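Provided below as structure tokens are two forms of one protein chain, presented individually as structure 1 and structure 2.
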Structure 1
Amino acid sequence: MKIVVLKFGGTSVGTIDRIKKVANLITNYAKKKYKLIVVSSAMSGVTNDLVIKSKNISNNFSDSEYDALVSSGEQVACSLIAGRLIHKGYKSRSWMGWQVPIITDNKHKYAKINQIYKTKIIKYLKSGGIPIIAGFQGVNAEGRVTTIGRGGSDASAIMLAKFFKAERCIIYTDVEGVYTTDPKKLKKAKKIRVISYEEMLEMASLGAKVMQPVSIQDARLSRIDVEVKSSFKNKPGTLITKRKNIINRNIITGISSTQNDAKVTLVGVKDRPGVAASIFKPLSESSINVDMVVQNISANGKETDLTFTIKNEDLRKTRRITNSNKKIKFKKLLFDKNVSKVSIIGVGMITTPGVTYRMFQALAKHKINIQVISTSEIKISVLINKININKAIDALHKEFKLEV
């Protein structure tokens, strides 16, 4: 049985006219004799509206009721898609996560899919039906509805592709694919034809919003090829796949940037073994994600300046936690919200010397000062002044010939 999983995002099903177009896309695949499993998000804006309603009801809205509430948006979209397919003469019905069932762990709001039972769906596929399955949701051992976090419909689609051994998983969205950088910031950005899981994971983690990092990680672990394409234009998209499937790659595949970083510097920290752990442990316990870290030891070895980056929204909490931390001593606490991170990503840099020099030189030519640096095997990130972010992206895009 040749199974293809099709997933449609919120913008793709955002209006009745768009749902009718989605139904046409689905029937185009059905005419090619594929067995289809369709996954849908809620109509655009619906989930946000439900979240606002929960906050208006209570500042401490129950997590389990939150899941029951926000998962309802997918039910509406799935029913409308199935209804349109029935109108067009196809056998179809909507399926909620608990009806499949899609079994998750017991964690509400950020559940993980543990198991998908296939019997009912396989029987329905063999009968000629097109199941429209609600993304973003499942059911736990207690029979309560759970949700998989924002962007969870992608994760639903990828796990369905895994359990049903689908030939393809196609993510339909409002963009034509993954670009070398954000097209809104650089008009010369080009669509990437093929990208590795690892590169896509780095780009998503660093600000590319095409897919959530957790969904890409699921695809990587399950070795599911994922194609990202537009539901509005009939053009090839971007294939996310294994490294060995990619031929004739560039050294650098893409450039990512962030806009909501803040830099924190502790000046004159009394240096001793474990001081960094003492600084970061209470931040971790408060779910504050620390990204780039740099430490400068004084000449006498007794003090250090420690700089790290966080998200802007965590700045006030970080200041309060750090100032009240009795386990560390420092002279001054500095904050800077006028910073952005720009990163180059590419598995080609593993075997290519001089990439770091080329990046730094390209920025230096444009008089862009680097404040903090962090690296991984396939990524180099630098922190710069926010006003230079577009200039930096343009310079790096040209340096690594991503426009060609």
Structure 2
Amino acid sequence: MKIVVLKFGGTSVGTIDRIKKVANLITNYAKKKYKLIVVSSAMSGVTNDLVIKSKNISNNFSDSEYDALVSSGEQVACSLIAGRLIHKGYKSRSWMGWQVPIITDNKHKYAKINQIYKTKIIKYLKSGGIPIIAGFQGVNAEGRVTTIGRGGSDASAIMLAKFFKAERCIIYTDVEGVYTTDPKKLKKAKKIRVISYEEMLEMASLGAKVMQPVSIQDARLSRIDVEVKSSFKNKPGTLITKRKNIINRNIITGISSTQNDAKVTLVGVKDRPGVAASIFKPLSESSINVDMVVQNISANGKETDLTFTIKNEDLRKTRRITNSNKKIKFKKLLFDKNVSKVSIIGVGMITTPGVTYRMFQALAKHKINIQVISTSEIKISVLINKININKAIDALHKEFKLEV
């Protein structure tokens, strides 16, 4: 059975008109005699509204009720798509995660898909039906609805492609593919034809919203080729695949940026073994993700300054935890919300010397001050003032000749 998984994101199903267009796109595939598994996200804006409602009803809204609430947007979108296909004379129905079932672990809000039972869907496909499966959701061993993290419909699609051994997995979205940088921020951004899992994973983790990072990790582990395309224009998109399938490449493949970082500095911390561990232990116990870290060399051998970044939303908690941490002593605690992380990503940097220098030089030319740096084999990230973000992306895009 030749199965193709088609996933539609929020904007692709954002209005009744768009859902009608999506239904036409689905029936064009159906005419080619593929067996289709369709995955849909909620109509754009719906999940955000539900999250706001949960916050307005309680500042301590239960995680299991959060999942029951925010997963409901997908039910609406799936039913509307199926309804339109039925209207067009096709056999179709919506499937919620628990109906398939898509089994996840118990971690509400960030559950992981462990198993997808195929029997019912295969039977339905054989009967000529087009299943429209809700993305972003599953069910745990206790029969409770779970969700798999914001943007999680991408991961739902990739896991369905894995379990059903699909020939293709196509992610339809509101841009033509993966670009060298967010095309909504930089008009000169260029579509990338082929990108490796590793680069896509870095780009996504460092802020390129077009694909959810977990989904890319799943695709990489299962060696699933993923195509990213526009649901509005019939144009070739981007293929996410193994590194060895890619021949031609630039030094840098793409640039990502984040919006919601905060910088925390502990001034005058006692410089002795174990101090960093004492600072970060209670943060990790409260599930606060620390990203970039820099510790200055202590001038007097006794005290040092330690800077790290976290997500903006964790700032209040971090402040409270750090101030009440009896294991550490420091003179001052400073916070800065006006920071952004800009990263350049590319496997080409492994074999090309001088990339770091070129990045720093390009930023310096535009008088952009670098506050913190972090690197891995295939990426360099810098923390800068938020107001410089577009200038920095533009400068780096030019420096690494991404627009040609």
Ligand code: ADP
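Whichever C-alpha set is largest while still superposing within 1.5 Å between the two forms counts as the rigid core. Here the structure is a predicted model, which means the values were calculated and not measured. Numbers given to residues start at 1 and step along the sequence of structure 1.
- Between the two displayed forms of this chain, it is structure 1 that matches the form predicted alone.
- With the core held fixed, the Cα of residue 366 is displaced between structure 1 and structure 2 by 2 Å or more.
- Put the two forms on the same core and the Cα of residue 64 is off by less than 2 Å between structure 1 and structure 2.
- Relative to the superposed rigid core, residue 18 undergoes a CA displacement smaller than 2 Å between structure 1 and structure 2.
- Once the core is aligned between structure 1 and structure 2, the alpha carbon position of residue 273 differs by 3.0 Å; this is the C-alpha shift at that site.
- Superposed on the core, the two forms differ at residue 314, whose C-alpha moves 4.3 Å between structure 1 and structure 2.
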